[in-house]
Ligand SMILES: C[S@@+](CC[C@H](N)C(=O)[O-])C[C@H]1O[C@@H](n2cnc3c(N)ncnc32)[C@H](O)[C@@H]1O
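For reference, the chain that follows is the form predicted on its own, supplied as structure tokens.
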Amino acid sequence: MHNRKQLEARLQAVGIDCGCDKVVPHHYHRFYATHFLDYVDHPFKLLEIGVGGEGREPGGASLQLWAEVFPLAEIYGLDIYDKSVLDRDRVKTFIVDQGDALALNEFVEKHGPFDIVIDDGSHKRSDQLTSLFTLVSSVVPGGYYVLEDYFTSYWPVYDGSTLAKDFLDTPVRWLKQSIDIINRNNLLSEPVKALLPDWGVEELHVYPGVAFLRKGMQAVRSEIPGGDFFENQLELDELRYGKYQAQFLEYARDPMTHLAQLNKLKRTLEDKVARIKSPGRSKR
């Protein structure tokens, strides 16, 4: 396999044959072909959260897909149900709850690090966030953390929301935050920088339904010019917005806390507008 088109065709053919939903109905194989081409015919370690079947059947279509397309890959699958019936030479499954940070850390200590981690598990907001914050550090430099079906962040059945999407702490919010994380060394404020985890990520690729976070081979360097630029810009930023710093930091820590404040502000503004429009208002 020498190019992306060939890998895409191979992923599609094998995915259809084994009934993998990465191909039908999601069509994620196109994006995997773009990012996983360099892994063809090379040994690497892949961890996938969520084996499938939901306890009623073995599942394992994704594990089969990876094993057939990448013959030198060492593949690990995590699930809350026993999927050991799927274990074979290069495929091993483990009972681990992706929402349990302690269990994830214990697993990584025994079996990590990994070249690729794919979250195709419960799709619940808290589980996805726990796995992301716990496992992204186990990805080797140049490797990928992949988040599938992140659109569940918008759906209440997975503890997400469309209405509160800009306030609720979700995987989608952290995908957006990843731009700031990639640019940590270009931020001026140390308190703001301290709120951002140092994941060592240098690339973010977002497609419909699936996102790829690529770990950097080295720390992303700062683009802040030398001389007095840093001090001057920090001073200017604080002059313009410093009086709101506490609110900004509080919002960054927990956006939901600001819903009540925004609603209170809205009522205050509405009351002012109503008094202005009132026929009996005093003239100045």
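Numbering starts at 1 and runs along the sequence shown. Just so it is clear, the structure is predicted and the values come from calculations on it, not from any experiment.
Not pictured, yet referred to below: the form predicted in complex with this ligand.
I need to confirm a contact call. Of 43, 53, 216, 242, which residue comes within 4.5 Å of this ligand in the predicted complex, counting heavy atoms only?
Flagged contact: 53.
Tell me, out of 78, 75, 139, 146, which residue has a non-hydrogen atom within 4.5 angstroms of this ligand in the predicted complex.
Residue within 4.5 Å of the partner: 78.
Okay, which stretch from 5-13, 270-278, 19-27, 256-264 lines this ligand in the predicted complex, with non-hydrogen atoms inside 4.5 Å?
Result for this chain: 19-27.
Does this ligand get within 4.5 angstroms of any non-hydrogen atom of residue 97 in the predicted complex?
It does: once this ligand is placed as it appears in the predicted complex, residue 97 has a heavy atom within 4.5 Å of it.
So, in the predicted complex, is residue 121 in contact with this ligand at a 4.5 angstroms heavy atom limit?
Yes - in the predicted complex, heavy atoms of residue 121 and this ligand come within 4.5 Å of each other.
Within 4.5 Å, heavy atoms only: does residue 202 come near this ligand in the predicted complex?
Result no; residue 202 lies far from this ligand in the predicted complex.
Heavy atoms within 4.5 Å of this ligand in the predicted complex: does residue 47 have any?
No, residue 47 is distant from the partner.
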